[in-house]
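Okay, here we've got a single chain as structure tokens, the form predicted alone, with questions on binding and movement later.
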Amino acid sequence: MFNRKRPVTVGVIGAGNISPIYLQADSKFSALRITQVADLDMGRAAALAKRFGKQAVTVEELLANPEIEIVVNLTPPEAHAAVAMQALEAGKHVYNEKPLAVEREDAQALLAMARMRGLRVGCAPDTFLGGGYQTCRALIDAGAIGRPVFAAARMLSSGPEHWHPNPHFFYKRGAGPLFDIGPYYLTALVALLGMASRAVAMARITHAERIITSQPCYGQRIPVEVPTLVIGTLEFGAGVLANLIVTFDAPAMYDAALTIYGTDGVLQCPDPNTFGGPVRLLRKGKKEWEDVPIAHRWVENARGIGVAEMAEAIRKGRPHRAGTELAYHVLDLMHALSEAANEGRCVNVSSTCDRPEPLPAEWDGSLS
């Protein structure tokens, strides 16, 4: 008989900057067993494999391994769709780093292939499953701020060329602040408020090129192909309006915030790129903010929680939370904002998704 409590075997494709935190996931989540890591650069794969006690293999070897059930795809954005399609064709479930794909059509092809093969597609970000945002979700569902009316979200930074070891891809199509950072904010908003139906926006490229000040590419120049400042407004379910500002044009700073305003109070949410708090609540008629205790356990850097939750869902035959419809809807929203900015019009959003179910506070990352 098939053992539903047997950990799901995972292979990682992509040995870039985000890979180390994912390769630690099986030390946090017993639902996972990560065995192999692959990259086009076998030297990078070998170094990571040695560091985390995994096996370095080629992409072809990983995809051919019958023990691998989930492929975690950590390649650059422009490769997300192609690598995910290879994995699906090899009979593997896939969990992509964000965004799901660069183009809507490529994402639709992935989802069609997954349906045809009876496979799962999951996608980052999974930060909304952390203790901070699960606490925010519980407060909204309990009516702590009454009926949500509007939201304000912002991410202001000076750009990844000041800290990332290889920041070139951030300024290509499929990245920029909207497609790289936007998924954290849009996923959090959808998880809290439900799907969005309309978008308007304005955007600009402030500097035609960026100069890298991080190592090892110090002094190199990056041509900018995508807007580095996007300001948009989205209409969510029940008429809730949300303003979103994302930019790489704020000198020498990082400022992140997401606030939900309701009929009976205000909820200050954590940075959507994190898993913990703080969570603060201002109730109607009160002058002092409340610091709300985090009621869920996952408050440290828990990247990989989406993979682990998907693994449990596979074993138990239920929908996973960092799922297909959510990831596609977020991609669709980013394209809607881009089209609204480029064409100077309000764009209707055709994709739909349900709010993911809350993650039980007691979930410990196991298959029990």
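All residue numbers refer to positions in the sequence shown, first residue = 1. Everything numeric in this text was worked out from a predicted model, so none of it was measured.
Another form, the form predicted in complex with a small molecule, is not on view; read the next lines as being about it.
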Residue 278, heavy atom within 4.5 angstroms of the small molecule in the predicted bound form: no
Proximity of residue 93 to the small molecule in the predicted bound form, heavy atoms at 4.5 Å: no
Contact label in the predicted bound form: residue 296 to the small molecule, heavy atom within 4.5 Å: no
Partner proximity in the predicted bound form: residue 343 to the small molecule, non-hydrogen atom cutoff 4.5 Å: no
Heavy atom of each of 126, 191 and 329 within 4.5 Å of the small molecule in the predicted bound form: no
Proximity to the small molecule in the predicted bound form, single hit among 79, 244, 203, 256 (heavy atom within 4.5 Å): 79
In the predicted bound form, the one of 320, 303, 54, 335 near the small molecule [non-hydrogen atom within 4.5 angstroms]: 303
Listed range touching the small molecule, judged in the predicted bound form by heavy atoms within 4.5 Å, from 133-141, 228-236, 71-79, 246-254: 71-79
